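As structure tokens, one chain now follows by itself in the form predicted alone.
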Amino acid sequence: MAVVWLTIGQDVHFTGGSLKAAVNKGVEEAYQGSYLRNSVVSDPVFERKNTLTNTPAVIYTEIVEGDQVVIECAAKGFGSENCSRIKMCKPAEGVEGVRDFILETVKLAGPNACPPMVVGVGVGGTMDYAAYLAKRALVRPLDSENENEQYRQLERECLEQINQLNIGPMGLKGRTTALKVNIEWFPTHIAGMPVAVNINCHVTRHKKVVL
């Protein structure tokens, strides 16, 4: 499923039609012109009829300072998406609770997420925002490091422990179950600690363009 993030400078003005329509038109043309598989159904429960265009895309927008537009696109497969989970942890569970939930989620995913996988983690905010952060974490470059030292260390610890699970590539066992663990975080309410884990397969298809 096409996921698109638009980071829009507040000095930018769009003309000539609907921004959402333009994004969906681009997705349609890309999938049809490149003979990619159309995987989107119009209704999630009842009709489940294929839209034949791979639209609508999931579109997120953020307004920032400046006069540029940053477009980030990801083609999210659901073998890995179906293995994703969210938990409203108690604050008392602390870092151990976050780490245990990440490892538990990877164990449950096993070979179904087409390892070696990339593990995106969102911590904080609200239930839905933690899931958003986890998805954003998936498109962070694999050679990047968390700017926060404590979260950077947690990423490293989780990756090491995940690769000790002996799930391995395609679930055939081995020392490379995950390529990277990326964690994004946000302040949260004093009474909660939302944690979301969004897994991606080894392909991790995404692209970034600055206009």
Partner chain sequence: MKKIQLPLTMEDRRSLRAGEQVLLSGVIYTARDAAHKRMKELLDAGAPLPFDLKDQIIYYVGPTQTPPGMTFGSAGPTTATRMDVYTPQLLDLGLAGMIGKGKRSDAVKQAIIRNQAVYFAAVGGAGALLGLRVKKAETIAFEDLQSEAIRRLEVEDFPVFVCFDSQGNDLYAEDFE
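Residue numbers count along the first chain shown, from 1. Bear in mind the structure is a predicted one, so any value in this text is a computation, not a measurement.
Absent from the display: the form predicted together with the partner chain. The rest refers to it.
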Listed residue (108, 88, 71, 95) with a non-hydrogen atom within 4.5 angstroms of the partner chain in the predicted complex: 108
Listed residue (50, 164, 150, 144) with a non-hydrogen atom within 4.5 angstroms of the partner chain in the predicted complex: 50
Can you check 60-68, 152-160, 165-173, 182-190 and let me know which stretch has heavy atoms within 4.5 Å of the partner chain in the predicted complex? 165-173
Would residue 131 count as a contact of the partner chain in the predicted complex, using a 4.5 angstroms cut-off between non-hydrogen atoms? no
Going by a heavy atom distance of 4.5 Å, is residue 202 a contact of the partner chain in the predicted complex? yes
Is residue 103 a contact residue for the partner chain in the predicted complex, using a 4.5 Å heavy atom cut-off? no
Partner contact for residue 42 in the predicted complex: the partner chain, 4.5 angstroms, heavy atom: no
Residue by residue through 80-104, tell me which have a non-hydrogen atom within 4.5 angstroms of the partner chain in the predicted complex. 82
